[in-house]
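A single chain, nothing else alongside it, follows as structure tokens in the form predicted on its own.
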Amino acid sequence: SSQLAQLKTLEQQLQFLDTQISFLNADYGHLQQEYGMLQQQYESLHQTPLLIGQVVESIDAQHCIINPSTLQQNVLVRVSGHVNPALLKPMTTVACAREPSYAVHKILPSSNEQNQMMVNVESRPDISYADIGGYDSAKQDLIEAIELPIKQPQIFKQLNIVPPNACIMFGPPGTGKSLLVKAVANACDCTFINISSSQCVQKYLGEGARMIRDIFKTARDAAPSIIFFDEIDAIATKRHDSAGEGDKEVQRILLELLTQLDGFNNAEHFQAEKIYDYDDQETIRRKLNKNVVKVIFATNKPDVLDPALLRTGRCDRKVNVDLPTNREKRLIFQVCSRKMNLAKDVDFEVFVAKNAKISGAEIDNVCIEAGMCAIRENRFIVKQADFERAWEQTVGKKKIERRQTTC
């Protein structure tokens, strides 16, 4: 009987080991698939970088004439077998190999399609100054640098001074830099072009610089306009000699951006435009705002930006959007909760007096979380206790995480 019990125990152990082996085999197969995918990604990332060019003329199914972005002349090149020769029409944008072959490997979308994917053009944003609590100093700087030259350019013309072309906003995340820019565009009633700077970095050499040129051309065609480069540190970091191929491409984009900033000709046009006594205010404004483009940069890391971008003449106004003061916290609480059904016992001064280092986005999150607390209890009125719980869940949790990181 003891041997029979021992035999059953061994059989159970054998079954358990068989189960473990099957699980390990399944995990091994899954890891093999992941390894294969990672290997393909690794090989694709280590492929030879491609250039962009434009088709001049298609010769036959295997050859065509293109104009590479790095050359000032046309070359006869070979067309890869996986490229459809029927699509190689004049002015088509293609991806080609680097010298000396310049072989065509891929057909790229047209510049208009790329601009639609990258550029967010808004005729007039729906954010106003009243939607932003506090930050009176930052608002005044943007009004003087952007809004006033567009709405009343005759003031600068009478004084014979040229208004600034660009300004940079810097400060911690969540302080409302994007909202301030949209409020300025709303007040100016002009075209607002919103650019995510990281999208300007493309995998084809020369394509990012061409996108920068297309962005400024679109802005000049829709003038007066404002171009907003968010997170400009993605393409405007300090240049250094020991740079890889990817860093060199980013530096080319920065050089193109600096060239476009210098090539506005806003100052020459502003000074050369003649104003007559019989011109009304609208005519004067239309004359002085012809082809006028204002540029606003925003970043969380101003210390890593290239000095050539920050110098006077390019970024004439530097706007610091720091964490809100106690007065600004009160205003932000009022703006974020003005459409909420608040109980009479709600007092925001309790939270302002805590002197916590929080941003405007975190204050907005506190108000939203307080409303969620009321919803969980099936109430349509937000009480003081809801704001206190929301404060502990957002700001209190942030302090605990900061202590753990410090330890």
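Computed from a predicted model, the values in this text were never measured in an experiment. A residue's number is simply how far along the shown sequence it sits, counting from 1.
The same protein has a further form, the form predicted together with a small molecule, not shown here; the description that follows concerns it.
- With the partner removed from view, the residue among 163, 224, 208, 133 that has a non-hydrogen atom within 4.5 Å of the small molecule in the predicted bound form turns out to be 133.
- None of 145, 253, 108, 179 but one reaches within 4.5 angstroms of the small molecule in the predicted bound form through a heavy atom, and that residue is 179.
- Across the options 58 to 66, 358 to 366, 30 to 38, 340 to 348, residues that bring heavy atoms within 4.5 Å of the small molecule in the predicted bound form belong to 358 to 366.
- With a 4.5 Å cutoff on heavy atoms, residue 172 counts as touching the small molecule in the predicted bound form.
- In the predicted bound form, the small molecule stays beyond 4.5 Å of every heavy atom belonging to residue 309.
- Taking non-hydrogen atoms only, residue 187 never approaches the small molecule to within 4.5 angstroms in the predicted bound form.
- None of the heavy atoms of residue 214 is located within 4.5 Å of the small molecule in the predicted bound form.
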